[in-house]
Structure formats: C-alpha cells, structure tokens
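Take a look at this single chain in structure tokens; it is the form predicted on its own.
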C-alpha cells in the first residue's frame, strides 16, 4: 500500500505534462496582438539618409549648405557627426569632423565657418554622417558626393541698398568738391571751441607764455590722432605768425615724427622757418601715466597760458585737464572717446564733441576739398534725418488710423531688391 501511494501520484503527473504543454501553446496563440511588444531596430541601423549639398549664394566661395534626412527611428540618438573629405581621396584619415549637430536641432548647417577646416572654392567634397548614441558610439551612413562646388559671387545682391547709398554719398562729396573749387561760399556752422582757438593763441601771446598741445595718446593709426595732427598744423601756423612758444609732448614715436614735420612745415608756410624751435616737439615716454606725470610737471613749471587736448584719450584725460585747470590756463579739448567727454566738458573751457574734432580742420583751413567732404557728409546726414522723420510720421499715422504704411516702408528698407 505504501508503494502504491507513491507510484500513483507520479503516474498522474506524467500523464498531465502533455496537457499542460498544449494549454501553454494555446495561450500563446490567443494572446491579443496589442499586448505583444515589437522589438525596436538596432541603433546601428538608425543612420541618416540622403545628404544634400548646395552652394551658398552671395559669399566668397567658401561656404556650402549641407542638409540630410533624419533616420526613421531617432530613439537613442544623441547627436550627428558630420565628416567631410575631398572627393577622390581613399585614405580613412582624410575624413575631418566638421560639425556636431544635436539630435533635437534641424538637420542642416553651413559648412565652412570653422577656420581649421575651410571650404576651398571650386573643390568637390564628399560627406558622410554618423549617428551617435549616448555612449559616444558612432554608426556611419553611406558616403555622398556633394554634387556641387562652392563658387564666389562678384556682387552681393543683398547689398544693393548699400551700393545705392554709397553711390549717392560719393556723388554728393564730388558735387560739393566741385562747388567749393568754383569759389562758392558754403556755410559752416560755427563751433565755439574752434572759434576760441584764435582767442586762446592771442591770449598766450599777450601774456608771453607758451602754448601746450597734446595730440592724444594713441598711435598714428587712430583717426582722432590724424585729425589732431591736421589741427596742429593750423595752430602752429598761427603760432609762427605770433612767435609764441609751443610745447608738443608725444607718447608715440611715430606720432612724434609726424608732429615734428607738421610743425616744421607750418613755420615754413608762415614764412618764418628760422623761428622754428626743434626742441618744441619732443618724445616723452610710451608709459601712459608716466607721460601724464611729465606733462603735468610741465604745466606746473612752465605755466602755459593755453592747453590743447585734441586726439584720443583714456583714463588720463581727467588728470591732464584737472591739472591744467588748476594752473589757470585756457583749455580746449576734443576727442571721439565718448567715455572721456564728460571729464573734458567739466574741466575745460571748450570741448569739441565727437566729429566736431574732424570738422575743425576744414573749419580752420577753409580748403575746398575738406569743406566739400564736410558738406557732403552733412547732406547725407540730412537725407537720413529726413527718412527717419518720414518713418516717424508714418508710425503715428499707423497708430491713429490703423494703416500699414509703416510696414510698407519697413519692407522697402529690409527686403532684398535682387535675389
């Protein structure tokens, strides 16, 4: 009986095993399709498709527009690495990584901005793009030939308005050139600082004291320095007539050389070449604040009656102007450094603001070419101011009458004339 009790359950289990296997197969067949999870393709198959390369218009032949088809499945793709090589090269090391595009950005970029891998005009290139997963693994797509080369254009069609404005500006300059050379009298707005130059030179002559002229602390490459040296020639010519001592310290060696020749030429034009003092123009030092200390020392020792600060200045402007103010001199300053103008305005008697420094030379010399250039610039400014005024009126009309005149004017200025 004990043996039958063990054998009977074992036989029953053996008989039930085939039935359980059949039941399991039936369950698998009857499982709904919605509950079956489809296996995602391997990330190695998710590579970009066709690559399209176009020549970028209105450039110097050094840019290409590259776009590509994104993979159907982008899950797991972190970025796309774009490789480029010259067409026909078979060396694997010829491929250069020219761009990394994040997966969430549009599949397009402009190739050629990287200075390490420039685009050469007329050269045919090949591209291939690799999908990069989060682990940094690359899965490369096929190689595509660009099909086009980069070609530079002679004329930038988007700059037509600049061409028109430049042509108008040149026309006005030459028009006023010719008008000034014919002897026409053209009005120049009086500038207090320029009109005070003669008075300042006369005061120094009456007092028998020297005149200090600082042509800025910048190099000869600065436009303000060139304008200052031009004014120095005008001032030195008047000083030569009055035989007033002149002091011209310089920080830059090249500026010193030019200033020396300018003053010498001014004395020659005034008919007093023998009155020129070679020691009146000298080089002091290239150190900024050492130069300021030296000039301030001259002010306190020589007590000049008139100080000119014309050119480019930095933090030393207040130190110079304050010392000159304490010495009791008439001070005339001028600079295009916006940050230094407040110091000159508060400590000097007269200040030439911004482009008044450039107009001073034409105002003093009364040369036809300089006056013509000045009047031509003023005419262009008048045209721009008139255009701004018209835009302001149109803007008010748009607000009041709910029209679209301003939109039309904006499109006229911003939309390309030629494509």
Partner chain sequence: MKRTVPLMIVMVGGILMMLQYFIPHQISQTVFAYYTDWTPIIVAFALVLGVGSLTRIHSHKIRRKAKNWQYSYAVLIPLFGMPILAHLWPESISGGMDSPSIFHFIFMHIQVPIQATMFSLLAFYIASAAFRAFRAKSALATVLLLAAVVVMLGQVPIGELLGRWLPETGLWILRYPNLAAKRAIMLGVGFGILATSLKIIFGVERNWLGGAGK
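Numbering follows the first chain given and starts at 1. Note that the coordinates shown come from a computational prediction; the quantities given were computed from them, not determined experimentally. Heads up, when I say rigid core I mean the largest set of C-alphas that superpose within 1.5 Å between the two forms.
Below, we refer to the form predicted together with the partner chain, which is not included among the displayed structures.
Stretch in contact in the predicted bound form with the partner chain, which is absent here, among 208 to 216, 323 to 331, 270 to 278, 231 to 239 (heavy atoms within 4.5 Å): Heavy atoms within 4.5 Å of the partner chain in the predicted bound form occur in 323 to 331.
>> Since only the chain is shown here, I'm wondering whether residue 69 would be in contact with the partner chain in the predicted bound form (any heavy atom pair within 4.5 Å).
In response: No.
Legend entry - 4.5 angstroms heavy atom contact with the partner chain in the predicted bound form for residue 74: Although the partner chain is absent here, residue 74 would stay clear of it in the predicted bound form, with no heavy atoms inside 4.5 Å.
* Applying a 4.5 Å heavy atom distance criterion, does residue 80 contact the partner chain in the predicted bound form? -> Flag for residue 80 set to no.
If we define contact as a non-hydrogen atom of the residue within 4.5 angstroms of the partner, is residue 347 a contact of the partner chain in the predicted bound form?
Yes - in the predicted bound form, heavy atoms of residue 347 and the partner chain come within 4.5 Å of each other.
Can you work out which of 149, 299, 101, 319 has a heavy atom no more than 4.5 Å from the partner chain in the predicted bound form? Among 149, 299, 101, 319, a heavy atom within 4.5 Å of the partner chain in the predicted bound form occurs only for 319.
### Query
Within 255 to 294, which residues come within 4.5 Å of the partner chain in the predicted bound form, counting heavy atoms only?
Counting only heavy atoms within 4.5 Å of the partner chain in the predicted bound form, the single contacting residue of 255 to 294 is 289.
query = residue 174: CA shift of at least 2 Å between this form and the one not shown after core fit?
reply = Where the cores coincide, residue 174 still shows a C-alpha shift between this form and the one not shown that is 2 Å or more.
- Message: Aligned on the rigid core, do the two forms place the Cα of residue 157 2 Å or more apart, comparing between this form and the one not shown?
- Response: It does shift by 2 Å or more.
Look at residue 192 and decide if its Cα position differs by 2 Å or more between this form and the one not shown after superposing on the rigid core.
Superposed on the core, residue 192 moves its C-alpha 2 Å or more between this form and the one not shown.
Discussion item. Quick one: with a 3 Å or larger change, is the residue 177 to residue 269 CA distance smaller or larger in the predicted bound form? Answer closer or farther.
Written reply: Relative to this form, farther apart in the predicted bound form.
| said: I want to verify one pair: residue 367 and residue 219. Are their C-alpha atoms nearer or more distant in the predicted bound form compared with the form I supplied, knowing the change is 3 Å or more? | reply: Residues converge in the predicted bound form, at least 3 Å closer.
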